[in-house]
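What follows is a single chain, given as structure tokens, in the form predicted alone.
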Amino acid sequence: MTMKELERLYAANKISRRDFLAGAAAVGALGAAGTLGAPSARAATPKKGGHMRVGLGTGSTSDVLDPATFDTTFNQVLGYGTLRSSLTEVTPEGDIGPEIAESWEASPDAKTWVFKLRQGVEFHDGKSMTVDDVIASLNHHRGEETQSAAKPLLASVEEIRADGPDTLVVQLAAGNADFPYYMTDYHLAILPSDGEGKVDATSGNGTGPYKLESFEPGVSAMTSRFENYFKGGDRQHFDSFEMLALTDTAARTNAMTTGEVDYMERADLKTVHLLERRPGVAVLKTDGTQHYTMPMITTQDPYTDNNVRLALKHAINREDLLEKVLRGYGAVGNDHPIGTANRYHADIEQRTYDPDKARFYAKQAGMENLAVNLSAADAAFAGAVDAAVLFREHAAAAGIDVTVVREPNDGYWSDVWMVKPFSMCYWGGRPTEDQMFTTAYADGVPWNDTFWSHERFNSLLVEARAVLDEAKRAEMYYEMQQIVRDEGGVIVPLFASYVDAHTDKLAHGAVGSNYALDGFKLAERWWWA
């Protein structure tokens, strides 16, 4: 079988991701797990030089450079993948790899983690990085006053201390086999300390491949190569890297087709076939953990009643959304955030569109004439408004009245998400089940966008972290997925492929699927062919 035949079958959902990867490996044509890209965009030897421009589908005037606040692709790519580094990173192949930390090891009970730090790392202002910077950076996300979304990832940390100039010791209250993966979280970038335990979180100063030249929130950012970058030999190929916030899909597509940008995030799936035919443009499809959601705030009526939530979950036609919104670039979701790319994905019976069941659950809630408002903007994801309108049509067949409220793109993540009781949202997902659940589903965490609390779920979440038996751990994560599916406050209708476009004059190696834009590392991993 040829690579083109494999790509055709995979795009049509005729073969699984696993079968695609196996087939691609057999023909020796795939460089990245879960990535379909134009072969012409590959090059064996990276070249240095040139200016790179990226058009992004997010960006807000409320954006700041403090990693504790990062919530959109724009500041994640800028503040994490371009300006700063972390202790560890997810490799393009999906493995855990070193970054600021050269190596690490755990005690037998996974309660004590020892990280050996790389020497000779510099910040953009010339300051040498020390273990004190790492300690202060992690502590930035701890304590009662922090508003960091990474706070729950560090909730079990009892102590962070130095053991000599290049060794970091982290003591946990309970074992956590996934702790090195936690350190890849885009909030946990290493920042310069002030010598008194605090960090410089907002200037953009970091140890990353590019240093900040200018930043206009919601508009643009300009960076230039940092000559003393510790991975400069193998990475960081451009002379400069520019980011433009182009939240309007038509404007972003026009910028790509007219050559105003070299790479565009979130290609318009309605017209992506036209981009594929355009000379000089390559379309890149990457499958990972990204999923689209519809969070219901479970502390506000009528979403306090699980019958209402179940009614809405049965009132959505996922296959229709997959066809009309994603144009087949993804898969249907099952109302929990763990996809087939995750290690412990549970094979639970797929929830389907069933107006009769939706009507039944609404009646159980005493709301035979259920009416709800759904806030939507394409800032949530490309096609979010269309998806909301389609849902309104689906729900009408069950006697449910959905009013779609068009919200402005600017300020969506500060004024709508986690504020309005029912809204559209996207998640990039996380490398591990524990990281995803801990970030967005655990009781009381900052990004629990449904404000949901479930005693059994929370108990399993804590217990599973320290379990080293694979079979037992799998059973626990399966049960957690079932609980979220049946009792949680979120509709997860779709898992979406990352579909971007770029000039075919750009080159790259394996493309990471853990986050958008090559795991947010586009700036340091790509180059001009």
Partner chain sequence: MSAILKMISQRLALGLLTLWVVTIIIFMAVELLPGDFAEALLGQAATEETVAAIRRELGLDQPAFTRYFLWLGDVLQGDFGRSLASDRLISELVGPRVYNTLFLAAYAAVIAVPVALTLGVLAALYRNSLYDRSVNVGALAAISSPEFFAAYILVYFFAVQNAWFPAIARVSETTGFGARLEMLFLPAVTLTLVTMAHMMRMTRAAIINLMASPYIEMARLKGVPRGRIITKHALPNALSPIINVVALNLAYLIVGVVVVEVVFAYPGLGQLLVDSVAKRDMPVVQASCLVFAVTYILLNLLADILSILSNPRLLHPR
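On a predicted model such as this, the values are computed, not experimentally measured, just so you know. Numbering follows the first chain given and starts at 1.
Only in words, not in the display: the form predicted in complex with the partner chain, which the text now covers.
Q: Looking at 411-419, 333-341, 269-277, 165-173, which one sits within 4.5 Å of the partner chain in the predicted bound form if you count heavy atoms only?
A: Answer to the contact question: 411-419.
Q: Check for me: heavy atom within 4.5 Å of the partner chain in the predicted bound form, for each of T61, T146 and E242, yes or no.
A: Every listed residue reaches the partner chain in the predicted bound form, so yes.
Q: Looking at the partner-bound form in the predicted bound form, is A382 within 4.5 Å of the partner chain by any heavy atom?
A: Looking in the predicted bound form, residue contacts with the partner chain do not include A382, since no heavy atom lies within 4.5 Å.
Q: Counting only non-hydrogen atoms and a 4.5 angstroms cut-off, does E349 reach the partner chain in the predicted bound form?
A: The answer is no: E349 has no heavy atom within 4.5 Å of the partner chain.
Q: Is T503 a contact residue for the partner chain in the predicted bound form, using a 4.5 Å heavy atom cut-off?
A: Contact with the partner chain, no.
Q: R485: heavy atom within 4.5 Å of the partner chain in the predicted bound form?
A: R485 lies outside the contact set for the partner chain.
Q: Could you tell me which one of L246, A362, A189, I316 places a heavy atom within 4.5 Å of the partner chain in the predicted bound form?
A: That would be L246.
Q: Only one of D71, D443, D354, E213 has a non-hydrogen atom within 4.5 angstroms of the partner chain in the predicted bound form; which is it?
A: Of the listed residues, the single hit is D71.
Q: From first to last in sequence, which residues of 249-282 have any non-hydrogen atom within 4.5 angstroms of the partner chain in the predicted bound form?
A: The stretch 249-282, when checked against the partner chain in the predicted bound form, contributes A250, A251, N254, A255, T257, T258, E260, R278 at the 4.5 Å heavy-atom cut-off.
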